[in-house]
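Two versions of one and the same chain are coming, encoded as structure tokens; call them structure 1 and structure 2.
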Structure 1
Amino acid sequence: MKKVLLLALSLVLVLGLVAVPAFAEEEAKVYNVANLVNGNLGDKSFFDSADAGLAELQEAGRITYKTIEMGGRDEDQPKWLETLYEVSESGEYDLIVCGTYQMPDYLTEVAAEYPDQKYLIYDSAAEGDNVVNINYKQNDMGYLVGIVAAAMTTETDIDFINEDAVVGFVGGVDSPVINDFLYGFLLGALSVNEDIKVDTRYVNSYVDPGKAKELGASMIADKNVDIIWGVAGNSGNGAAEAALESGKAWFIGVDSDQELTLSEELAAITLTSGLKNIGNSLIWFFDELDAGNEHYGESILLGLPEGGVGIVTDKNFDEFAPDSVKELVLEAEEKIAAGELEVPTAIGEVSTELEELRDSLQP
């Protein structure tokens, strides 16, 4: 009897030893995520990036998710709110993800109604203790783009490139957000070439490519600009068109890989694009969650170290950029990621530094 008991006890012990780690592994929770897209997949931009990030997490067995495409028309807007309410009401999801500047008002409203439901919004900011806002460090991105532009503007072996060390920046509006891109761009360019000149001009509209085209054309004709970074929403395409028409300049895209979204001809002169990696930022968020860091109620800025921003390094960049430029970019990426280099921001503190820098670099 004693023996049997002993055997049973040791069996329990052994089983326990085996079972405990197995149990612990199960405790790494598999989250159920709803991904609300206020548009459609296939945008080759934010929505596709978010979906790709979630798919990667699902593949790794860390989440299960469902993407709901709500349509992007004005007429669809009531549906966005309705869908938000529905998925919140269902209580099936551990996290509801949405994004873009069009969602924060809806999300703020719904998040207040369902305090126990958790939400994440990317590239925008809503309110609520149960909401995490994820935004991206444009200045980090700008720094990398600045390095590429300044390093390549003197590589006269490459098509369209002239010997003058002048590059261009076409911004949407003279505002802190756009200037945050600019600040990084200027500093990145300076880090490569002390004598660099940056022609900065603003369209004063995000929807007027015609005017952006005139700005780009003037930069190319008057200042010998051979690489233009367009950070101006739809207007930015106008700068690309100016470069294409002149046959004397390259364009650099922003936010998403514009080599994929522009027409073939424009893509051919798009050297690279500054990226907001929505997908990476979602993976970062779940890494944090698993590490026990809940960020609900916080506004988080993700930069290079977290993989939140970056630049496109395949396609045209891979083909045309000399190895020295690729190395410079890698080096800077590593430095910023390691925290050795911190790119200042134009958001928040009101400072004249950026303006002085901008003026001093204007050709």
Structure 2
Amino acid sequence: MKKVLLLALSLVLVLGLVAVPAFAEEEAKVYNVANLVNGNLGDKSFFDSADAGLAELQEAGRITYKTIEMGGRDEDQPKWLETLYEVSESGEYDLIVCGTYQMPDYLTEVAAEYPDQKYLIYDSAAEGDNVVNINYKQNDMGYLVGIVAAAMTTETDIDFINEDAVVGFVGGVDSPVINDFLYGFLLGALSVNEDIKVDTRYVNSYVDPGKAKELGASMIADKNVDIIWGVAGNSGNGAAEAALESGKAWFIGVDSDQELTLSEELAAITLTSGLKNIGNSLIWFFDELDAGNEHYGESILLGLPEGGVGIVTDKNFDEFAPDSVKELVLEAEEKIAAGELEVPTAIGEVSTELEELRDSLQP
């Protein structure tokens, strides 16, 4: 009898061990995502970076997603709120993603109406326990770009560089986020050359490359600018065209590695790019979700140590920048990452310091 009982118990244990993995190993959740673009893809920087991150997640089988391009003109703005309501009402999506400083008020309104819907906004911040805000230390990145521009602008052995220490900044809109890039840029440039001049102008649009081209051409012809940083989304590509057509200036890209996204001709005169790794930050967020860390109701700030921002140091930069310039950039990176160098920000409390600095450096 004991033998029969032991045999029965043994069978139960064996079957139990076989059965446990089948129930314990649940398949990872595949999230359905709506990516709302208050502009259009093809900007070669900001929105394309976000879409590339989502595409990588989809290719890995971790999400399915739909990108909805809502347009970036003034007349398109009513669509932004309308589309947010529509996708939220549909109940189809595990997560609704959007970005830019123009979306928080809309998102705060809609998130309150749909408390069970989850949202992510990048490069800005909205309110709600169902919203995660992801932002980036573009002031740190701007500091590195400012070092490059100021250090390179008098390297006259390099094509297109003249003797004048004058560089340019073409911003999309005079706003806190764009001015956060600018603040770092100005301070980084000053750290290299206290006599540097920076011609700062704004397009007042992220979808007007024609206007940015006019501004860039004027900088080059009237102020002898030989390096222009375009921080203006799709508009910034117009500044790159101005640099190319002049045959007298370099362009610096933003958000994405624009040597990989611009045409061959424009890539050839793109010295480097400041990186706002939006696509990587979205991948990071889903890594966190899968690890059980949701972050809804939180504001996340990603800098150099987390890979949230950076600068391109291969390709044209590696070929044309002297070792002395590379060393300056590396030194600043290490100091910022270690907390030894704190770059002021234009985000938050309004200060006149940036305006005064910006005006004082105009050529």
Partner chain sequence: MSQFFDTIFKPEFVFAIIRITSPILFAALASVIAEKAGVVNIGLEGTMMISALFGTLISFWTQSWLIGVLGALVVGILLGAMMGFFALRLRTNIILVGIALNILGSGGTVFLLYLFTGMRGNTSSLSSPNILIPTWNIPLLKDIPVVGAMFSGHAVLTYVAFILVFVVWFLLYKTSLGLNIRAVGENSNAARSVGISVQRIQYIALMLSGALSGLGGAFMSMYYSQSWNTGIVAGRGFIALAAQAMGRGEPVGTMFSSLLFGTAQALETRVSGIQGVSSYLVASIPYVVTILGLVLYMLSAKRKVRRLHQKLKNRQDAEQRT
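Bear in mind the structure is a predicted one, so any value in this text is a computation, not a measurement. Sequence positions of structure 1, starting at 1, serve as the residue numbers. Take the two forms, find the largest set of C-alpha atoms that superpose within 1.5 Å, and that set is the rigid core.
Which of the two shown structures is the form predicted on its own: The form predicted on its own is the one given as structure 2; the other form is structure 1.
Location of the hinge, rigid-body rearrangement between structure 1 and structure 2, from Leu57, Val37, Leu302, Ile228: Where the rigid parts turn against each other between structure 1 and structure 2, we find Leu302.
Domain reorientation between structure 1 and structure 2, expressed as the smaller rigid part's turn in degrees: So the smaller rigid part is rotated by 36 degrees.
Cα displacement of Thr100 between structure 1 and structure 2, core-superposed (Å): Thr100 C-alpha displacement between structure 1 and structure 2, core-aligned: 7.7 Å.
Cα displacement of Ala111 between structure 1 and structure 2, core-superposed (Å): After core superposition, the C-alpha of Ala111 moves 8.9 Å between structure 1 and structure 2.
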